[in-house]
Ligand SMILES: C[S@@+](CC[C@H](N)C(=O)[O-])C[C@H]1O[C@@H](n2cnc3c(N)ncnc32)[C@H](O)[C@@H]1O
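Form predicted on its own, single chain, as structure tokens, below.
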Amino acid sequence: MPTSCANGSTASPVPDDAGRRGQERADRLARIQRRFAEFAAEYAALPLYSALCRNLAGDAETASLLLAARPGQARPVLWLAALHELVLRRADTPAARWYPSVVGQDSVPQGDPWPDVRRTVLEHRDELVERIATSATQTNEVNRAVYVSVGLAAAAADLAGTPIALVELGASAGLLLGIDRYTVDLVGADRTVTLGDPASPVRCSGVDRAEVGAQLAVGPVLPPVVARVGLDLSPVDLNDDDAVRWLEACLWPDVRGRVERFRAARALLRPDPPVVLAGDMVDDIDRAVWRARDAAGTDAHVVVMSSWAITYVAAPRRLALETRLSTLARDLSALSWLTAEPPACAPGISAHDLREDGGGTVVGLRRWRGGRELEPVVLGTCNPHGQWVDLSLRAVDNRTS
């Protein structure tokens, strides 16, 4: 109740620590539930994940599991990945039957998944909280090979036949390092152009909006990759079933083909996996580059690539990475830096002249030849998962020297 002051007036009591903590928790939970509502609206085309997030937005008991997340990790995708990992591991849970990654795309029942999902979440609450509290989302989207393959062709346009020493920043399990071992279909209006290995069990595909495939058919092709080195803070061993399952859990089961393609890529690369070093992409870039160059030979073309990786690095560190690469270029015969990142993320890559397309990913290329940098090139934009590309090689052809 209000306290009495010396002048006879009253004042509201000062909240104690427990009260403040309770209010802070309530505010955080409200923000989390708003994020679930926003996710449901943004990804309304996903039948399972949009339905779950709509229900989570109004169900504080289940949404509150995300309060256990580490700072900066309290995002709907982490909650969704934690449950996905559980059903991948425990196919006997009630929720499992609603996941195409567990029962197959054509065996998912009709109806409302929420009652089974809510029951599963509450029955395994402690297990899910532990996962959310100790994990961060980590993906290895194989279909990104669609735009990476075009970027590699662009990077090598002036170095036909020169062996590639490929270095990936934020490589995770290194699945994109096997890009030349996959089939990559660029599906244009009139024809499909195939890059990579046409007989591969791993098939990647994207709509070719600008007909870049036609330019590739008469110009540069995917260059030979002779050395592959990844760099990641927490690399994933393809032989570690638990770690690989978490990568798979971070994929969205609603998107047809994503999980199946991931599994096929793992099976293909597992007998001879690429090297993925544990390290920071800025502090340890020299180590990764020299490891790849030494394996490929002194005349190799070193291509450093990133796909939605440096966006998670603070802006000053991105500039430090740029400085490291320009310094390394002095001692390499050829160095290219291929980036597929959100706008204004990759240093030196401007997206001012690109039309708004909703893709959110800008593909850029910076090249050093004999230690001298050529003019940076913006190849275009793409869907972050490679579902479509709007890329062109004309800028590369005009600026290569």
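Remember, it's a predicted structure, so these values are computed and weren't measured experimentally. Numbers follow the displayed sequence, beginning with 1.
Below, we turn to the form predicted in complex with this ligand, even though it does not appear here.
Contact between residue 157 and this ligand in the predicted bound form is not found at the 4.5 Å heavy atom cutoff. Contact check for residue 170: a heavy atom falls within 4.5 Å of this ligand in the predicted bound form. Residue 280 belongs to the set of residues with a heavy atom inside 4.5 Å of this ligand in the predicted bound form. Using a 4.5 angstroms limit between non-hydrogen atoms, residue 312 touches this ligand in the predicted bound form. Between the options 252, 290, 114, 308, the residue in contact with this ligand in the predicted bound form by a heavy atom within 4.5 angstroms is 308. The contact with this ligand in the predicted bound form, taken as any heavy atom within 4.5 Å, belongs to 141 out of 208, 85, 180, 141.
Heavy atoms within 4.5 Å of this ligand in the predicted bound form map, among the stretches 77-85, 157-165, 291-299, 171-179, onto 171-179 alone. The partner is not shown here, but in the predicted bound form the stretch 233-261 reaches within 4.5 angstroms of this ligand through a heavy atom at 233, 234.
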